[in-house]
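In structure tokens, the next block holds one chain alone, the form predicted alone.
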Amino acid sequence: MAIEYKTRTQLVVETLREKILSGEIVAGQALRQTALADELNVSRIPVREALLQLEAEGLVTFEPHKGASATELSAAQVDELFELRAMIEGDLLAASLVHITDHALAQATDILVNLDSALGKENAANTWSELNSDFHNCLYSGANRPQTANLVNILNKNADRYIRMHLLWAGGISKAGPEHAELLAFCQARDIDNAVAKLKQHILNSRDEIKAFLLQREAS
């Protein structure tokens, strides 16, 4: 029974996520649990659980006396989030590479293998997003800057819905693989300048592709 319930909840999560990211559910649209349960032919329990998961991803907002609604996807917010990420993560990587261990780089290498194997599997965007964060955090592990690392994690949580959209709709997965491999190679060589330049390019390329997708969606 537990397996069946989990599968049903995940089905609702994936269905609603796709509708929000594709624009079928627009920003501010109310997400009524009873109506969604009827539409998806499930009880309200998996719908409630799905909405809570989507809230954690930044795609749904709960407001007192109003319930759940889809959050806005903003090109201006993409600029701010990804430019902050490029600046702060670049500095964090530079600090890390002075002290990073061979063990951390070996972990990062293993994660890249898992990233490749995650493609095409069920719930690939969720798995890929988590492994992507793990990969970057491995590369930053030598910095010993917990406050900066915490700030990076907050920025990444806020950017996560855009990253998922990039993976699902803007071809982000196919482009990220080679960029990650190049970044790791520079890190293994302790080539700080090229590693930081590649990291910033990687983050800002994602920004540009996500913005282009959002603007195209708005135009249509």
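Residue indices: 1-based, along the sequence shown. Keep in mind that what you see is a predicted model, and the values were worked out from it rather than measured.
The form predicted in complex with a further copy of the same chain exists for this protein as well; it is not shown, and the discussion that follows is about that form.
The shortest heavy atom separation between residue 181 and a further copy of the same chain in the predicted complex exceeds 4.5 Å. Using a 4.5 Å cutoff between non-hydrogen atoms, residue 80 counts as a contact of a further copy of the same chain in the predicted complex. Residue contact check for residue 26: none of its heavy atoms lie within 4.5 Å of a further copy of the same chain in the predicted complex.
None of the heavy atoms of residue 93 is located within 4.5 Å of a further copy of the same chain in the predicted complex. Taken together, 48, 73 and 84 are fully in contact with a further copy of the same chain in the predicted complex: each brings a heavy atom within 4.5 Å. Note on the partner interface in the predicted complex: the residue among 189, 35, 30, 56 having a heavy atom within 4.5 angstroms of a further copy of the same chain is 56. The stretch among 110 to 118, 126 to 134, 139 to 147, 97 to 105 whose residues place heavy atoms within 4.5 Å of a further copy of the same chain in the predicted complex is 139 to 147. The pair residue 55 and residue 161 is looser in the predicted complex: their Cα-Cα distance rises by no less than 3 Å compared with this form. Compared with the form shown, the residue 54-residue 89 C-alpha separation decreases in the predicted complex, the change being 3 Å or greater.
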